[in-house]
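Next comes just one chain, in structure tokens: the form predicted on its own.
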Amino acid sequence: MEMNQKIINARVTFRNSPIHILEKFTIKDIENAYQQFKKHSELDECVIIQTCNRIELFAKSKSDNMDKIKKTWASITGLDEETFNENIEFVENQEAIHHLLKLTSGLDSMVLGEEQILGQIKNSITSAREVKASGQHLNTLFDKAIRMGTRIRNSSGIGKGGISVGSMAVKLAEENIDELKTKKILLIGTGEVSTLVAKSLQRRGYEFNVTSRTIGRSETFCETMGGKPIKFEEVLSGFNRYDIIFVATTAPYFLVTQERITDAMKNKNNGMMILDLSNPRTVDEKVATIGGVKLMNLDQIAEMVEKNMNARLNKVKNVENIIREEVSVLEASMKRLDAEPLVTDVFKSIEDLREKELQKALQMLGEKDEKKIKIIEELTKAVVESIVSTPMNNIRKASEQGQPGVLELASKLFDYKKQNQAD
């Protein structure tokens, strides 16, 4: 099935790439990027969506532009193309539409059903519209996808009571420690799970320190996620300064050792809670035997999240089914648009003919009676309408069902020339 218009989606998201890699793909000057993509990647329309978990490009084009998009994106961000091949995903048409619906209904978010993304998508299409980066195809696609997504969210309740490993860990800290606001909190790591912990801490108004193997990484993380960056070396020798430690790194060794925590507890008059969210673990189990230390690991936390999730998985299946049905509806609307330039053009040229012939006839009749003129005018409109509307609707339908041949033929029949399109 050939569509003469392609809807393309190119994306780099947290699903394949850790936050510090995502950062590199960020497009700083979006307006300039729109110009670059349209010019160098030969895209007719485009919309860019950027959040701290994803950078995505939706586009409409007539040709296959995967390599051009990579090149343009690489030149905008100063990245080498190798980095692209490892991190970028490309889908088109049905799959692109499916992905956009997953986004608007909250199925593709780090935290299932979260609300934020919907607002971000609305802002993206609004600003793309303002600078005329998007046009009829993407405006229609996004408007419909936003409406559908909102409806799906409301009817499925997918956003209710969503809990991630990160927010569950913060919740456990709150349950186990009094006066959490007055305590010192440390977050080790800047990956996906750390992002969830940081979001959760920030939402609840807690201050926290962040450390990772390089200070630069901690700094970029804190710019987007809040928190205060701390040097790794300072942390290793200063565990005694903290009351709650969230550990979420991918270190291949025990970062938090029995020895370090035993030392830390010597100079500490209150307890310490350590939540190990790393996989594999980076906190030595033996730490749990030290007096005054409470240790919880990923399995225990994940189990609690699991209980919460099971209740929601049925909802996900529900939403998946709704999305599958809606994709074909949306796809049909997009294909119908392919026929619009032709239909509009035919209606316009027929309307011009009607006007001309009507004026000629009225002149010959020398008719001055407004009432009669109106009747004659209505007659000409009715005749034209009754002849033209059936073929036009059939052309739209054929377009919708993916039969470009009919469109081609109609263009010949109605002598429609593509260059009329001042797109």
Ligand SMILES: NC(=O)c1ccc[n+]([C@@H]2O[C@H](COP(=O)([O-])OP(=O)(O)OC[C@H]3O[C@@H](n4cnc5c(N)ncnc54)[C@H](OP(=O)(O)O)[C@@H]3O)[C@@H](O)[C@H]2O)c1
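One rule holds for the numbers: they count along the sequence shown, beginning at 1. As the structure is a computational prediction, the values presented were derived from the model and not from experiment. Note that the rigid core is defined as the largest set of C-alphas that superpose within 1.5 Å between two forms.
Beyond what is shown, the protein has a form predicted together with the named molecule; the following relates to that form.
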| task | For the three residues 250, 255 and 279, verify that every one has a non-hydrogen atom within 4.5 Å of the named molecule in the predicted bound form; reply yes or no. | result | yes
| Does any heavy atom of residue 113 come within 4.5 Å of a heavy atom of the named molecule in the predicted bound form? | no
| query | Would residue 106 show up as a contact with the named molecule in the predicted bound form if we use heavy atoms at 4.5 Å? | reply | no
| task | Check whether residue 134 has any heavy atom within 4.5 Å of a heavy atom of the named molecule in the predicted bound form, and answer yes or no. | result | no
| message | Is residue 149 part of the interface with the named molecule in the predicted bound form - any heavy atom within 4.5 Å? | response | no
| message | Only one of 206-214, 95-103, 175-183, 336-344 has heavy atoms within 4.5 Å of the named molecule in the predicted bound form; I'd like to know which. | response | 206-214
| said: Only one of 128, 264, 165, 296 gets a heavy atom within 4.5 Å of the named molecule in the predicted bound form. Which one? | reply: 165
| remark: Among 243, 331, 192, 284, just one has a heavy atom within 4.5 Å of the named molecule in the predicted bound form, namely 192
| Large Cα shift (2 Å or above) at residue 192 between the shown form and the other one, core-fitted | yes
| Is residue 153 one of the residues whose Cα moves 2 Å or more between the shown form and the other one, with the core superposed? | no
| query | Taking the rigid core as reference, does residue 217 move its C-alpha 2 Å or further between the shown form and the other one? | reply | yes
